[in-house]
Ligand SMILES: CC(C)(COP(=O)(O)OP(=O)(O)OC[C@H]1O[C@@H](n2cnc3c(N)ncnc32)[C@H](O)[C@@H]1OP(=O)(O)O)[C@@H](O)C(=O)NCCC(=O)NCCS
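Below sits a lone chain in structure tokens, taken as the form predicted on its own.
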């Protein structure tokens, strides 16, 4: 488990599939997280996916919980990749509990993913993708230091219109140069406590 401010990451367990089934069958949620509002998943499909996740050593999948009540609010993913001989991570997340939208949790989750990727997994770069109409996600990524690298045109059809997919990335040095400010902004009063926890094993 990984605690970061008011959230905690833990592994996805089989008993989480019921909740994932609810989230993955919400058309509004799927429109913004998958860019496919009609991407519904049966429990049987999720169970099959879960068995594949267990065998997948290149992807870390987490349930994101709100502390201290440990309420599941979303999921997050770090997929390990390589660009030539450069260690990279593709990041993804969504907040499944829509009552939590607009509270700044997306930024906290994203910074937590960057902390894991750069400070624990020793990645050299992180990438993220977002559909053209998801301006809220673009803002979160840019606030966390990602740069928009480009677009792949007309990759998604939603509500009768074709949309582009935007690519964002951030390099290790770029993150480290603004890490302290990001940690202070997202952790607030828990900033010092978090750094003290990291010092324990140094």
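Positions refer to the first chain, counted from 1. What you are looking at is a predicted structure, and each value in this text was computed from that prediction instead of being measured.
Another form, the form predicted in complex with the named molecule, is not on view; read the next lines as being about it.
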Which one, 154-162, 140-148, 46-54, 172-180, holds residues whose non-hydrogen atoms are within 4.5 Å of the named molecule in the predicted complex? 140-148
Contact test in the predicted complex: residue 104 vs the named molecule, heavy atoms, 4.5 Å: yes
Heavy atoms within 4.5 Å of the named molecule in the predicted complex: does residue 59 have any? no
In the predicted complex, is there a heavy atom of the named molecule that lies within 4.5 Å of any heavy atom of residue 36, even though the partner is absent here? no
Do residue 167 and the named molecule share at least one heavy atom pair within 4.5 Å in the predicted complex? no
Any residue of 82-102 that, in the predicted complex, places a heavy atom within 4.5 Å of the named molecule: 93, 94, 95, 100, 101, 102
